[in-house]
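Here we start with a single chain on its own, the form predicted on its own, put down as structure tokens.
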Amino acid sequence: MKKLLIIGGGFAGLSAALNAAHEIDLHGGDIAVTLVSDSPYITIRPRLYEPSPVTLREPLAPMLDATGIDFVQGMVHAIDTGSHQVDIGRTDGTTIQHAYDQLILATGSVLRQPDIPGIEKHAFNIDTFDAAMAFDDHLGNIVKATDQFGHNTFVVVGAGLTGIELATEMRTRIAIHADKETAEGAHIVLIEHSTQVGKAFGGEAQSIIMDAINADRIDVRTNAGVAEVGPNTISLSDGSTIHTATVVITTGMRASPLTEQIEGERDNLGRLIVDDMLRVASVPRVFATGDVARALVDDQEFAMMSCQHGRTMGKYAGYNASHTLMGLELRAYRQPGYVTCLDLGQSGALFTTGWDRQVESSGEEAKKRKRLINTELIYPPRGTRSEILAAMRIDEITGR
């Protein structure tokens, strides 16, 4: 029996495992599929800016058990591409070795945290489930600690998609932990190192974003860097100081450090360069997918570090890795048609299409789409074995 090993239990890794299981079923392959993850849950990571992060993960077992995919909980410490095996640290402190005939690396991304004094000790982030829970616990405590210096000022560093979504959701989150009066009286600050918030969106979309930020009375500091973070202050590069007990870092992502275990060319975000089949060109028997892969989605654009691309890319990795083991034809990954759905809190949302981000809808109409995406479309499939596997095959019409 051949062995397909998938490292990573996020959107890309789970999609890869389930699609591989579907293809093996379809073609009668004699292949064992094993998924390795440090958690028995998949975190619904795009929603971690929302209230109640404790609800934003789903157990892997119902899907893996139903589809016959083996699961190993542990942390991969080493990948030996020469002997085709990995070392996995188990939760009981032991280490096991797992051989593979084909490997799919799908370990996602980590916060690209700037090297700033005090940031690790005094700042929060919402990059992982544990980090989001820690921030939510802090938020629940600090809104009631009215005697603590800076208790009613909340600073978000980084005005990318996550930063905008968190800043515009902050009053709702404060109201849940305290009350509406406390939320309305909060001072929310959004810090951006470039000259404009939402600059990547451009034109009409950027105007809608700024209208929402202004309506929510968010204090925007552009062209500003962070010099230091203290227990009750944040110092900016222009010499100013903000008194706050809450600083949240949303400064973008870079590929999982595990990519460094794979020999091969990487981009500036640490992503492995892959071919159209998602193979790491310089290393045999290794595929990379999701946030660890620099892959073309069409003839010009590369995949973003996003659930939108990770889920579909994972399907192609599972398809191609399993087909390689079965000696079947491979399929080039392509995913044309890029969209963005940005939550804007009480101002609704913004839905754009294309890489130039043309506005298709905004306000409550876009908010309905965002709710559909966040509460249904990005969730892993449920049901019987056949229903789960069918949901994760590549759609022959859309290619997704």
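Start at 1 and count along the sequence shown; that's the residue number. Please read these numbers as outputs of a predicted model, since none were measured by experiment.
FYI, the form predicted in complex with a small molecule isn't displayed, but the following is about it.
Please pick out the stretch from 358-366, 38-46, 329-337, 25-33 that is in contact with the small molecule in the predicted complex, where contact means heavy atoms within 4.5 Å.
Correct option: 38-46.
Heavy atom of residue 270 within 4.5 Å of the small molecule in the predicted complex = So residue 270 does not count as contacting the small molecule.
- Message: I'd like to know whether residue 159 contacts the small molecule in the predicted complex, with contact meaning heavy atoms within 4.5 angstroms.
- Response: Contact with the small molecule, no.
Is residue 136 a contact residue for the small molecule in the predicted complex, using a 4.5 Å heavy atom cut-off? No - in the predicted complex, heavy atoms of residue 136 and the small molecule never come within 4.5 Å of each other.
Would residue 12 count as a contact of the small molecule in the predicted complex, using a 4.5 angstroms cut-off between non-hydrogen atoms? Yes, residue 12 sits close enough to the small molecule in the predicted complex that at least one of its heavy atoms falls within 4.5 Å.
Practice problem: Spell it out for me: taking the small molecule in the predicted complex, does every residue among 76, 108 and 305 have a heavy atom no farther than 4.5 Å from it? | Solution: Every listed residue reaches the small molecule in the predicted complex, so yes.
Which of 174, 245, 258, 209 has a heavy atom within 4.5 Å of the small molecule in the predicted complex?
By the 4.5 Å criterion, the partner-contacting residue is 258.
Considering the small molecule in the predicted complex, which of 253, 325, 197, 218 comes within 4.5 Å of it through any heavy atom? None of the other options qualify; the answer is 253.
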